[in-house]
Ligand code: NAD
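Before any questions on how it binds or moves, here is one chain, the form predicted on its own, in structure tokens.
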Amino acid sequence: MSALDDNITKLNGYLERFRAHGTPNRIAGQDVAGARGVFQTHTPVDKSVICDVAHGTAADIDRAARAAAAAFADWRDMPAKQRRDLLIRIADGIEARAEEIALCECWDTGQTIKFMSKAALRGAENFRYFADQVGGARDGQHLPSPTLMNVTTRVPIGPVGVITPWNTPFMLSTWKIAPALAAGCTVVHKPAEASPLTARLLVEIAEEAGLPPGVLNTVNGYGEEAGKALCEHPLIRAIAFVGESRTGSQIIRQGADTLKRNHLELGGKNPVIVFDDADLDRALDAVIFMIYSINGERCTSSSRLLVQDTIRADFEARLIERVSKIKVGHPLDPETEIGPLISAEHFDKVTGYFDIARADGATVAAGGTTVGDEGYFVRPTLFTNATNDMRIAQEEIFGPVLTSIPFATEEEALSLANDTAYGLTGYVWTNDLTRALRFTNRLEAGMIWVNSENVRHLPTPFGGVKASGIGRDGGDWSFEFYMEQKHVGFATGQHKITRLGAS
């Protein structure tokens, strides 16, 4: 039996209960049918139905928000060590079911097992990391003044909403939910309607580890209904969202009347700048990895290649050769490097840019075609002879599509890099240290890597500027979002108090 056949057999075993019972909402430790019945989720591999999914509405969100509010005080007041130990058990549970999570994620999203085999382990790592921060999450500062001993502390903000995307849903869910739970918040989670399976697995694992009912609630549904209700609900104190910038703007508007705190991790049109003094072999590997892994469906992808004109011809020739060899295929085949795009809607969006590129005068140097007709497969694509004002250089395509744009000088490279509505990440390849320092100081991005692909380190801040979002994840920055600062001043003596109305 081949590795692909073996993975398909295992997957079918894991999917049996989903096919039989669907994916209900999980509220206060109970399975709850959707108020609007069910909708169906399909695999992008062959377009077949996976299972029925609870169609949650505002009524389901209200029930979940009330459950989260009811569970909040006990969870907030649980001793730090006890909460830490529980989060560690969740991490253990994730690792024990890592294969199930990975295979279900591949079938649900089209992501390849080559990358998703590690996604569950990264989710466990998120829980372990934030579990270790629980003990110090409420620590503050001592800020003495002449008359007062001033101390600060942090307290959990309350029930929060978490809205996660479909590209790497399990890992990104843990990225938000783990620090929220570690901070002492309760959670209502609305996963993307296109990828509901592993959200169900996460809440099961958490409750099996001992998470009290109501601390983590999952409501499936569509953004315009369930998502909107979550953002507007008065019991939900904050919204953590990962998704496109347009939706982020809607979330801010929807939460305005209840003064919601928002953390928005949004889109990107991220530049990778390759100077002629760079290690070109390593730069080539990084450029290819950061746009063509994860099917190109990642907010941090380096979708604009800015390459110095002195090396452009050779670098693009090497790119074309490598890109043309990337293996497109079944996501459960360990040899596959790119699987199908998530849905018909997204497939149409991505493939629509092939004609847009040609119409605007760019060259389709590699790819630009679809593969088969069973699922939503496209060839990894490279556009050359492009300019930065083209739509392919300004709009987030969110697929395995790279646009190459030449530059002559450092100033021109910086101008091109910053000439976008987005500002999530940037990648700079040069062996000139002073240039790297100058360039990164002026590059408009929340995260920058020099001579490296995106290497996530959990204590560091993750987030963007401009249309790429508001706020930061990671380390103590996560607690700054999920917790409120509190100041208490203790008088150290009998300082003078101004007396009014005294004779």
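In case it trips you up, residue 1 is the first one in the sequence shown, and so on. Just so you know, these numbers come straight off a predicted model, no measurement behind them.
We do not show the form predicted in complex with the ligand, though everything after this point is about it.
- The closest non-hydrogen atom of residue 224 lies within 4.5 Å of the ligand in the model of the complex.
- Contact check for residue 105: no non-hydrogen atom falls within 4.5 Å of the ligand in the model of the complex.
- Shown alone here, residue 190 lies within 4.5 Å of the ligand in the model of the complex, counting heavy atoms only.
- Contact annotation: residue 250 falls within 4.5 Å of the ligand in the model of the complex, judged by heavy atom distances.
- Checked against the ligand in the model of the complex, the residues 167, 112, 308, 430 give one hit for a heavy atom within 4.5 Å, which is 167.
- Contact with the ligand in the model of the complex, judged by any heavy atom within 4.5 Å, is made by just one of 400, 331, 161, 268: 268.
- The candidate spot formed by 139, 182 and 476 lies out of contact with the ligand in the model of the complex, as no residue has a heavy atom within 4.5 Å of it.
- Stretch-level contact check against the ligand in the model of the complex with heavy atoms at 4.5 Å: of 284-292, 360-368, 191-199, 126-134, the positive one is 191-199.
- Contacts to the ligand in the model of the complex (heavy atom within 4.5 Å) from stretch 227-252: 227, 228, 231, 241, 242, 243, 244, 247, 250, 251.
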